[in-house]
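Quick setup: one chain, the form predicted alone, written in structure tokens, and binding and motion questions come after.
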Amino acid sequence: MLITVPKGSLMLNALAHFERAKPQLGGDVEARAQALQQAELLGLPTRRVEAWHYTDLPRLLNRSASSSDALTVNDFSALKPHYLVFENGHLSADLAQLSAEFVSPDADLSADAMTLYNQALAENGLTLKLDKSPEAIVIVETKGSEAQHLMHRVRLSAGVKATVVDDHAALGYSNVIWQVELAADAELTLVHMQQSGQYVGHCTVDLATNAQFKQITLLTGGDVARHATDVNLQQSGAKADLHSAILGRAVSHNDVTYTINHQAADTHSHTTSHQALADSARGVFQGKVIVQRDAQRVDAQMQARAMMLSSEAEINAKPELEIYADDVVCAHGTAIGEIDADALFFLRARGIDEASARQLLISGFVEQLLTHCDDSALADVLRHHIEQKISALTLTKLEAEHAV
């Protein structure tokens, strides 16, 4: 199967890539070959697969490059973090005090096609097993222009607290798996930032008693983004917070999909999504909350909002509740609208130019994501990133209007 990576006109033939990379793959190579064979039989997911109904991956990956955004260099120095850098699928910076040697993934032939491709081709990834809380946050930076398959594992022992930032600025195609396991009372904040490339990611999370997982996803550039997260709240007291914001422009396609499975009583989840879409950008929000039969006293809230900055932009929102218990508090909602003309007039009437006024209104909308970031220094980095991307978006919008 051919996967076109628009940036750089890179073609990835999975079988040929597997043969070339075989000496470096490690693990059970025969099991990897079986996973690849099964992936090829299934093929890249299309809209015929319900979970991918709004993201026809073969079509999206084979279209011409749509985005030439300049990359924003995120300055995390104020946080004094631990860095781990992957470039073109290879580890280029050591983090020995926090990262164990990469362990090849086990093949699960019942998995979906993209997971099988990852199991067959993953050469590297973060392996983070913590028995005590680290003194600083961990930055996982991904860059390069070649196709890459990464499998990251994060396991926190009881009571451990950690923050991991996934700073994705790779220009090519990336297939990334995150596996998260939190023991009792452990807390993890996982931040995803994508500003370039074609990204297909899947994060699975298992939460024990009173474990807390917070995921903050910020998508501000690139051609294709598919960020899927499956959370299993397995024991009482577990809590999951999933929050995302998208800045879409040109013909970018951004898909955020959540499946939150409340398997135990007294568990909680909170989900929000804020999307600002310009030009012919397309946004997708899929959120499904499942409450199992004996999972009583569950509190699950889900809200998706979209600001349409162009008549050509498109949003697909599909929130779902699947409830088998009777003592629960669950709700979902979706709100879609244009930029507030009255608010824009109010700012213009006070001497603020149109570009600045638009930027203020869009920033106020998107930056609601930052209310869920407990680390003020990290929130400042995210805010600076958002401001730079919105500035580019509003200027492009005004230039196009004046050209007409």
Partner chain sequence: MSALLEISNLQAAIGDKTILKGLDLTIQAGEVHAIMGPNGSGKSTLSYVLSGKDGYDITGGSMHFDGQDLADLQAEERAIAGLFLAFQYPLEIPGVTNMTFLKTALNAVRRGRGEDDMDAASFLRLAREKSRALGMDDDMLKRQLNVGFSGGEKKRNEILQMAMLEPKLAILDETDSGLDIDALKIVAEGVNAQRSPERGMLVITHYQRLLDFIKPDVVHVMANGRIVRSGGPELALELEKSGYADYRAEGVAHA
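Just so we're clear, the structure is a prediction, and the values are computed from it rather than from any experiment. Residue numbers count along the first chain shown, from 1.
Unshown form predicted in complex with the partner chain; subsequent notes refer to it.
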Exercise for the section: Please pick, from Asp28, Glu354, Glu338, Asp375, the one residue with any non-hydrogen atom lying within 4.5 angstroms of the partner chain in the model of the complex. Expected result: Glu354
Practice task
Would you mind picking the one in Leu61, Ala33, Leu361, Val49 that has a heavy atom within 4.5 Å of the partner chain in the model of the complex?
Solution key: Leu361
Exercise for the section: Examine Thr371 and determine whether its closest non-hydrogen atom to the partner chain in the model of the complex is within 4.5 angstroms. Expected result: yes
Exercise for the section: Mark Ala379 yes when one of its heavy atoms lies within 4.5 Å of a heavy atom of the partner chain in the model of the complex, and no otherwise. Expected result: no
Problem - 4.5 Å heavy atom contact, His53 to the partner chain in the model of the complex - result: no
Problem - Any non-hydrogen atom of Ala70 within 4.5 angstroms of the partner chain in the model of the complex - result: no
Problem - Neighbours of the partner chain in the model of the complex among 328-352 [non-hydrogen atom within 4.5 angstroms] - result: Asp340, Asp342, Ala343, Phe345, Phe346, Leu347, Arg348, Ala349, Arg350, Gly351, Ile352
